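There is one chain below, alone, in structure tokens, taken in the form predicted on its own.
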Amino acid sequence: MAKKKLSPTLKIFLIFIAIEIAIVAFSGNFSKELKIGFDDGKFIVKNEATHFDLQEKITEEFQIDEHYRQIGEIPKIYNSEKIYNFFKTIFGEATAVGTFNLLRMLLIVDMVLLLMAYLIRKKLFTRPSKPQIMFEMIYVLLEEFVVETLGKEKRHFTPYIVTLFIFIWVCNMIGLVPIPGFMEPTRNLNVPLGLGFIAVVVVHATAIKVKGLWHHLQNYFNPIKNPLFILDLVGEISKVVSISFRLFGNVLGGAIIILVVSSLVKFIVFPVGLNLFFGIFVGTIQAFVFTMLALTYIGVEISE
């Protein structure tokens, strides 16, 4: 009876597992770290003892400025004290490095979005390519939601909704890139709060345009018509908090779970599945939920 041959995918997966097990065995269960570089002018390759502390790793990953304070080191950005001092002067010592990392990631996300827009616009064909088909599907799907929620006459909101979804999605996906220092901008509370604030501003700007300034303000500052207007004001603030913290909590929680579980299984195989779940699946769902909530808020305001 002929033996079944292993598929190429399964072979690659088994080789991958074998390499990871060998790395763990070679590193002494991650109690050692492979050092490659120069020492006193000589090229060296050696295995040095290292210490892995989960709490320290979490602090370093999610509170990098606090990490530097705990270890008593002066942080450097790209080995430059001038850049660090510049950000410390503007944003303060407590958030200088974290702010720099956030701004750097936002710049990278913006560059990715501009590159995507340029390539898609440059390569528009009558017979669409696969990337063009994918983006057209996303645009058409979100346009249908806009039409169903706001009506055909408000179809012009589609570019804002599409841009919001793609921006959040790219922010959630960028953390999957295996480059040191890359992180999801949405796991920093400032980004979701900024997006939530902008969404609520768009909601009220649209309501003012549709209903007029005075008529819209009467819904909130008319004690005779609406005795509980203060609760409505609190409700508007809660919209920003709710929509922002939902995105922030899910992205940050996923990143912490990946780090904790990965350390428990010695970073073997399982983290790949966690990244696929929290990075791709949950990241996409949260981008969609945030976008749909912003669209719903607009629909509720202009329909009242």
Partner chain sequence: MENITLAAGIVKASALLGAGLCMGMGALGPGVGEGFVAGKACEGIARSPENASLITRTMLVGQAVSESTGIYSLVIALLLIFST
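Since this is a predicted model, take the numbers as computed values, not measurements. Positions refer to the first chain, counted from 1.
Only in words, not in the display: the form predicted together with its partner chain, which the text now covers.
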{"item": "Close approach of Gly253 to its partner chain in the predicted bound form, 4.5 Å, heavy atom", "value": "yes"}
{"item": "Exercise: Ser263 in contact with its partner chain in the predicted bound form, heavy atom 4.5 Å", "value": "no"}
{"item": "In the predicted bound form, Ile58 touching its partner chain (heavy atom, 4.5 Å)", "value": "yes"}
{"item": "4.5 angstroms heavy atom contact with its partner chain in the predicted bound form for Arg69", "value": "no"}
{"item": "Single option in Tyr84, Phe167, Phe157, Phe145 placed near its partner chain in the predicted bound form, where near means a heavy atom within 4.5 Å", "value": "Phe145"}
